[in-house]
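Shown below, as structure tokens, is a lone chain in the form predicted alone; questions about how it binds or moves come after it.
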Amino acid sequence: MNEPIIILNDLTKQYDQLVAVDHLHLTIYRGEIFGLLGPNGAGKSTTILMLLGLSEPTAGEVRVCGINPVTHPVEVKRKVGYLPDNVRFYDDLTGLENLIYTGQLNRMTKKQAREKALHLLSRVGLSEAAHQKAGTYSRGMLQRLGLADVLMKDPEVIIMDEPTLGIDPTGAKEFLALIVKLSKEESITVLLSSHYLLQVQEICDRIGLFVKGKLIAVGDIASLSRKLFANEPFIIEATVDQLSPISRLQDLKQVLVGIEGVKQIDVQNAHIRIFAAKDITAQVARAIVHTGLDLLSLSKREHGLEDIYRRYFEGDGMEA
């Protein structure tokens, strides 16, 4: 994941007085799954349009697979596949026929297109629906067909806009697993725009947070969490046997106070919550056992993408 595949340098797009994308610097690497996050109007879609050569920057430079989409938009489209949030096909053609048509548009013979289409339909789990009219496909099936359609031209980059919108949880999970598999096995770079934070957290290697045309944060979830919550304590929660003697719970509290990094301890019946300046989960477990209490559960709260998103878009991160 060291080869740059998308490079944005001081990229800016302005419509009259509105700056839709404001001096954007970003590098995305081959085989990476990168998530674009931000509220509506943040600049995500405008950035995607410039990547595809469908909108010309006001200033700055774009390189996709080493190609300038402003001067060579057709060449970029040969290497980049785009899956919109509401993919459409010819309803009166079967899934197979739609893919064959795409293959022929990409200069394949009908035989080559058919062979490749059958292979891709199998790969996305649509073999049994290959001869079914696309107009009868469910939302999830259409997204799978859309992915197969994008793969017909062997793209180096796939851009997806809300790829699991309207798909049931099981179908969404399977579709995301397919995206990860493609990215890792074939080194395909995936640029994903979505509002489903948990899904983004599950599959993206890195994320970029957009607000008011600016890219205000870039990184993996762990590094962004450390940066945002550096001054906040770790929260370790433990549950012990409800029949534990009060005296032993008091003994435990005294032991925990002596652990370096502990800031606060709350004990409510059999539930113990420890606020600490660092991760002391292992020390807490040893202290509970050493005190003679029966440890029933132990967990550490970690800040995830939802916490990061809320901090930036509802808190002081807005001005970052």
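Residue indices: 1-based, along the sequence shown. None of these values were measured; they are calculated from a predicted model. Superpose the two forms; the largest set of C-alphas matching within 1.5 Å is the rigid core.
Note that the form predicted together with a small molecule isn't included here; everything after this is about it.
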For this session: Determine whether any heavy atom of residue 262 comes within 4.5 Å of a heavy atom of the small molecule in the model of the complex, and answer yes or no.
Result: no
Problem set entry | residue 67 within 4.5 Å of the small molecule in the model of the complex, heavy atoms | no
Problem set entry | Exercise: residue 20 in contact with the small molecule in the model of the complex, heavy atom 4.5 Å | yes
For this session: Classify residue 40 as contacting or not contacting the small molecule in the model of the complex by the rule of any non-hydrogen atom within 4.5 angstroms, answering yes or no.
Result: yes
Problem set entry | One stretch from 25-33, 44-52, 252-260, 281-289 that, in the model of the complex, holds residues within 4.5 Å of the small molecule by heavy atom | 44-52
Exercise. Residue 41: CA shift of at least 2 Å between the shown form and the other one after core fit?
Worked result: yes
Exercise. Is the C-alpha displacement of residue 211 equal to or greater than 2 Å between the shown form and the other one once the rigid core has been superposed?
Worked result: yes
